[in-house]
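One chain follows as structure tokens, the form predicted on its own.
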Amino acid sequence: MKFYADFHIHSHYSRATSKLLNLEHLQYWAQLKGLQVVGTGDFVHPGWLDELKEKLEPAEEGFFRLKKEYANSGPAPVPEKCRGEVRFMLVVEISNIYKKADKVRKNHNVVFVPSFRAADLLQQRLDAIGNIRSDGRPILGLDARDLLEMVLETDPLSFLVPAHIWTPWFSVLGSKSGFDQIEGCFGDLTKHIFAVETGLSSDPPMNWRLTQLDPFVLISNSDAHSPSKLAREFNIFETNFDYPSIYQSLKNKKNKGFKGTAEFFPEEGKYHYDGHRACQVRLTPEETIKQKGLCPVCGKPVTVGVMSRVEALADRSRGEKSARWRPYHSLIPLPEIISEAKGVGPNSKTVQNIYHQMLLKLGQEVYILMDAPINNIEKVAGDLVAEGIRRVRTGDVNIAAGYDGEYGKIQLINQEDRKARAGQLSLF
């Protein structure tokens, strides 16, 4: 069957996350978004693991569902057109900070396990190494290669995916504390890595430019810090509906069950370009070279973003594809499109009312963004919203790229579009 999965998220036990990140809200928002599989996040945290064991029950192999007594405890009834089955997988992000080859390394890694038994084993190992209680995403002085070894020892189906591999500060290829090659991080165990996560600031074509990434499939996840951020990036599968089938579709090079990803436009990510947020300076890779890596306002070093890092390590021309390439879709979250069309903030009552009307009358957000007929969208939300979605589908999007922790700024609908719309209404 075809289904959508968002693996890398967090719980209410993680720092700087929403207190609403519990299983009930995750199931509610997964249905609104159109996801069938969601990662639990944070499973090595003792409090969250206890909550997972209390509220989840086994479903298909390696999948879990909310028990009946919790299944209808979301914040509101789910619109009929959005209702669907949701399964959870045991997933956690680990922050590894350690010294290797005379340099401090800071890598984030996403770990998948197929059972509570495997989760318990990993929790026990990590509890003996560092503090797993202060943060849902534990920060450990543990070599990423050694973490991978521990993961592999918990279960034959457990695996590790390097997280948002280009983020400057916390990733395997990051400009500030990463490596120049995946093998530099995982050494003799690199053969057990078969997927990497693109992160919000890169997309598949950027990653295809490195032949060293050819052995890996590229997955994408939301890294959601609140339930409403689910599915801003996600994975598309057409396999049997269980954990082993997902595992095989990612690991086995002959398996065609992993169909691709839905992505942010990478310019919208927080680290796409170089820059210095304190001085509001955004630089392209070429401009950074001209400035010798220094902020033209204050003279301090800029944060080197993903695009520059890709350029530094790339050994392919733009437009070439890797051996394990998959199709991808570039999307913008629906509330942001409505916000652009209406000229008000995405959290405003106007936007939220239109958003929920669209879910009520058209269906899940992913369906609206990718598949719903434009004329049906126009009938429910108006022509500017429909035009915004059409432009996203065709890639007709203007974005002031994100830099140094600042999200990119989207422009889908401009004042000329609104004036033209006003003129048409006046004429009518």
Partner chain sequence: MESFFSFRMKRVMKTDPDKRPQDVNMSQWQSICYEGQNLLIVAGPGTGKTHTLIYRVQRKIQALSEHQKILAITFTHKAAQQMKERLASRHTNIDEFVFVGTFHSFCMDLLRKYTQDARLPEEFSIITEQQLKSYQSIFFPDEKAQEIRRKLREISHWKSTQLDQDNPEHVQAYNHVLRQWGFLDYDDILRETVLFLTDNEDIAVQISQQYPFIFVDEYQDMNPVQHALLKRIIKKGSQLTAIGDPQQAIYSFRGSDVKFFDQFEKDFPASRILSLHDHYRSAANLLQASQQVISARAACDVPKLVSQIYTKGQLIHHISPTDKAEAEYVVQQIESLMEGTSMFSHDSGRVDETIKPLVSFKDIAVFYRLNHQKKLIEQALFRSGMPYQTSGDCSPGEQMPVYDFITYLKFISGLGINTADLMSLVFLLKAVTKKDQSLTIKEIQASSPQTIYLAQMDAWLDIRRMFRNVEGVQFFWSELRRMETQSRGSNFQEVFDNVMKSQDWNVVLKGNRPWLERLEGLRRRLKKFLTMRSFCDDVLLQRAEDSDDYAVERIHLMTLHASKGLEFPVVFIVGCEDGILPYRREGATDMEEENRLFYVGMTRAQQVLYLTQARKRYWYGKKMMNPVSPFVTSIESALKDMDITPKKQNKFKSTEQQITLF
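Quick caveat, the model's predicted, so the values are computed rather than measured. Numbering follows the first chain given and starts at 1. Take the two forms, find the largest set of C-alpha atoms that superpose within 1.5 Å, and that set is the rigid core.
FYI, the form predicted in complex with its partner chain isn't displayed, but the following is about it.
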Exercise. Is every one of His12, Val196 and Phe234 within 4.5 Å of its partner chain in the predicted complex, counting heavy atoms?
Worked result: no
For this session: Within 4.5 Å of its partner chain in the predicted complex, counting heavy atoms only, one of 320-328, 129-137, 283-291, 339-347 shows up; tell me which.
Result: 129-137
For this session: Counting non-hydrogen atoms within 4.5 angstroms of its partner chain in the predicted complex, say which of Pro77, Gly141, Pro296, Gly84 makes the cut.
Result: Gly141
Seminar exercise, completed: In this chain shown alone, the residue from Thr167, Ser202, Ser220, Asn107 with a heavy atom within 4.5 Å of its partner chain in the predicted complex is Thr167
For this session: With heavy atoms only and a cut-off of 4.5 Å, decide whether Tyr98 touches its partner chain in the predicted complex.
Result: yes
Exercise. Does Arg209 reach its partner chain in the predicted complex if we count a contact as any heavy atom within 4.5 Å?
Worked result: no
For this session: Examine Lys176 and determine whether its closest non-hydrogen atom to its partner chain in the predicted complex is within 4.5 angstroms.
Result: yes
Exercise. Taking 4.5 angstroms as the cut-off for heavy atoms, does Arg125 touch its partner chain in the predicted complex?
Worked result: yes
For this session: Inspect the rigid-core superposition and answer whether the C-alpha of Val344 shifts by 2 angstroms or more between the shown form and the other one.
Result: no
For this session: Using a superposition on the rigid core, decide whether the Cα position of Ala195 changes by 2 angstroms or more between the shown form and the other one.
Result: no
Problem set entry | Shift of Cys298 between the shown form and the other one at or above 2 Å (CA, core fit) | yes
